[in-house]
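Shown next as structure tokens: one chain only, the form predicted on its own.
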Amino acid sequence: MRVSKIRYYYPLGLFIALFLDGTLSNIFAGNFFTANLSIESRLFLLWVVMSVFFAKVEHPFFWAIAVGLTFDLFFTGIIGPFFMLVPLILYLTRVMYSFFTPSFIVVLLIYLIDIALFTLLFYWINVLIGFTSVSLASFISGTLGPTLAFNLAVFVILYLPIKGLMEMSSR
């Protein structure tokens, strides 16, 4: 019995994507975060979404919880938001996946829906706990829009390489 390589590549890629998100935010902080603009890189969500469509991952919810907890501990210092949101997004992606045949456009639209929902829920959590007082209109124009645009560009660049890696590793 042959063991699929995705068993090793998936968690490694997921955590690399997570730390690349932080690294990009740090390196390009002057461009990503200004007085009127905030761009959030979501490479780890790209990895999660692509795995739903193109890989056979063992224990995906375990890895979603692990990456969410790591993000909370490493980047936010509060255990909870990502710990809850990443598995929720994985679940919703799997539900949406069941209705569609994978294609570039379908995966792109589901990825953008996931980012929008994830970012909006994270905003609401921050409003509830008093970490932000930014209005919804300002949030949509200053964070959600730029975040979707940035991640759309990243998706277009990384779609084929990630799809190929996942399909090849799942055999």
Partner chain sequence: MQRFFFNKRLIIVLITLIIGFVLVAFSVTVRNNKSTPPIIQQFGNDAAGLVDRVVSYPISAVGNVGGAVEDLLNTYQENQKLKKQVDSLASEKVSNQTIRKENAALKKQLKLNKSLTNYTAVTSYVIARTPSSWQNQIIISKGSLAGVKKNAAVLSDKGLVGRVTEVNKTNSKVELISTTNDDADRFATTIITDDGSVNGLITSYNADTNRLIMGQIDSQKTMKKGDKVITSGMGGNSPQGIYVGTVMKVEKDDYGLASKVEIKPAADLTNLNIVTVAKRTD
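Residue numbers count along the first chain shown, from 1. This is a predicted model, so every value here is computed, not measured.
If you look for the form predicted together with its partner chain, you will not find it shown, but the lines that follow are about it.
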Give a yes or no for residue 35: in the predicted complex, does one of its heavy atoms lie within 4.5 Å of a heavy atom belonging to its partner chain? yes
Heavy atoms within 4.5 Å of its partner chain in the predicted complex: does residue 143 have any? yes
Quick one: is residue 22 in contact with its partner chain in the predicted complex, heavy atoms, 4.5 Å cut-off? yes
Evaluate residue 51 for contact with its partner chain in the predicted complex, applying a 4.5 angstroms cut-off between non-hydrogen atoms, and reply yes or no. no
Non-hydrogen atom within 4.5 Å of its partner chain in the predicted complex for each of 42, 83 and 122: yes
Taking its partner chain in the predicted complex, which residues of 132 to 167 have any heavy atom within 4.5 Å of it? 132, 134, 139, 143
